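Below, in structure tokens: the form predicted alone, a single chain.
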């Protein structure tokens, strides 16, 4: 919207300029037959309006671009050079085309009038652009409102130009001369106001110094050549005395302005290096401010920090020492070899200052051992701490060669830069952590999905057995696993296991176990032999750090005999007549020993179940649940709950256990999966019901065997 308005305004000004130029063309060529004071004044007003409308139009164009004072100066120089050729050679060119110029001015003819109009129009465009350029240079980098100075000068420019038409009367010529003198005084005053010279770098100042000499010389030459005897002046004065005067004033302005500019630039050269340095510091810090909010690789950030540190303090080399898990590592070498950097790093780390520096310090490298081993003659090193939350995370080291040293200004700049760099490093570290956390969360989602599909979706139905099961996964997903197997018409198998470790690796092992036990349960009847065979199968898939605790049992549904083997898992609890018996046949975990010793360590027991006996299978997520004091929930607490609620429905028992664990660990997050399976031998009840369970819905069936 704003761009459209700007474009519309620019077009309207251009059309206005073209309209006034057209009016001037017809007025000068077709309407004026006799020169008089009134017709001359009207003609000068039209030229003045042409300059004003063109100035407005060019202003829109110039201000739509970023102003570079050196480019503006260069443009002035180019136009001034063009004017030099026009002023110097126009007489010869026009004389060659039209013969005697003075005679032609008295009797111009249509063709000569058109050529003269085009000539004047070019001068108007050139003078207007140079005038505008002077105005942009005058206002550039001005911190105060100085428009009154420039506008006053412009008013006197106009007055000095317009009153030129009175010069035909010798008694009135003093008026234009007075305005001209005042204009020159104002030009001299305003030419001193060059604020922008302090904001350009040394290289630009040197270029400007050369340009100002050339351009001021051109302005002076053009001014000298624009005398009354020059054909160019005769042509322009005959067409518009005011325009000729205005051009003369602009030439004076240029000669004065660029002469002053030359000396001003010359005096700024000695301080240019200091300005360049400050500009580099500010530029680097601005660049770093943007980096802080960006996503950057840690190594790439380190290289950028080293590169900018060199620029800020005009150093020769730089690198970063970073604390990686308690070990200081050197990285991001810039303009220095690995051997040199390591020697200087070790020298710094051997000093007593490394632990307590709060700001940039310097090291005299003349004291370094094996100095002759260095490939370069480094003189001094600066060390800036990289701190986050008042903790030193690393150091930024910069070097200077030969006799150069780090002064206080260098140290202050490095301190500021190191603060920015610390924030950038911290952002990068947090970003890496965030990416890693996101990756782990995706892994955990996969692990949860695997776990959900591996565990039974509902409890199976077996004759003479009531079953209730509860599984509560931890946030990180453990490796708990339980399952039931329909071995034959009168036998059911069950397993409960816990894979060491967490996350997706534990979930994959758990998935493998499911396949192993499902397969073995249909081919091997002995729980001990199943565990031995499973241990053998897992030999090729478990790594040395992983193991599995498991308990496998088979219940004969006809006579109620339990056969049980245990591979390092929690004991199976038997609740009978208000007492707890821990069934703990010997055995070590799967994956801990793949030799024959595993089988030798493994026992298998048989238990004849009585009516209403409870078998409790669980993982250590129950007994090792912790409270705010980091105390375990404990086996005794667990068994007490079971005994007190043994006569209740299995779901009530399960809910009571989970409720007590939740209350116990209210102020502490669950760190491991919780698995609880309760089996109840209910042979008598089933017999009385003749094998049917009328009126029970699906969820009730889930926990009741038939």
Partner chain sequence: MSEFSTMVSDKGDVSIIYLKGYLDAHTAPALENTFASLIDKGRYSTVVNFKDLAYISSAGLGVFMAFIEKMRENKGDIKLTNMTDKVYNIFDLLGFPLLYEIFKTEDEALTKFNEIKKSEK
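Every value quoted in this text rests on a predicted model; they were computed, and no experiment measured them. Residue numbers count along the first chain shown, from 1.
This next part talks about the form predicted in complex with its partner chain, which is not shown.
> Which single stretch, out of 126-134, 219-227, 168-176, 580-588, brings residue heavy atoms within 4.5 Å of its partner chain in the predicted bound form?
Going by heavy atoms within 4.5 Å, the stretch is 580-588.
> Against its partner chain in the predicted bound form, would residue 398 count as a contact residue? Criterion: heavy atoms within 4.5 Å.
Contact with its partner chain, no.
> Is there a heavy atom of residue 632 lying 4.5 Å or less from a heavy atom of its partner chain in the predicted bound form?
Residue 632: yes, in contact with its partner chain in the predicted bound form.
> So in the predicted bound form, does residue 142 come within 4.5 Å of its partner chain, heavy atom to heavy atom?
Answer no; every heavy atom of residue 142 is more than 4.5 Å from its partner chain in the predicted bound form.
> Should residue 570 be counted as a contact of its partner chain in the predicted bound form, where contact means heavy atoms within 4.5 Å?
Although its partner chain is absent here, residue 570 would touch it in the predicted bound form, with heavy atoms inside 4.5 Å.
> Of these, 545, 367, 290, 389, which has a heavy atom no more than 4.5 Å from its partner chain in the predicted bound form?
Spelling it out, the residue with a heavy atom inside the cut-off is 545.
> If the cut-off is 4.5 angstroms on heavy atoms, which of these, 234, 514, 576, 626, is the one near its partner chain in the predicted bound form?
Only one listed residue qualifies here, and that residue is 626.
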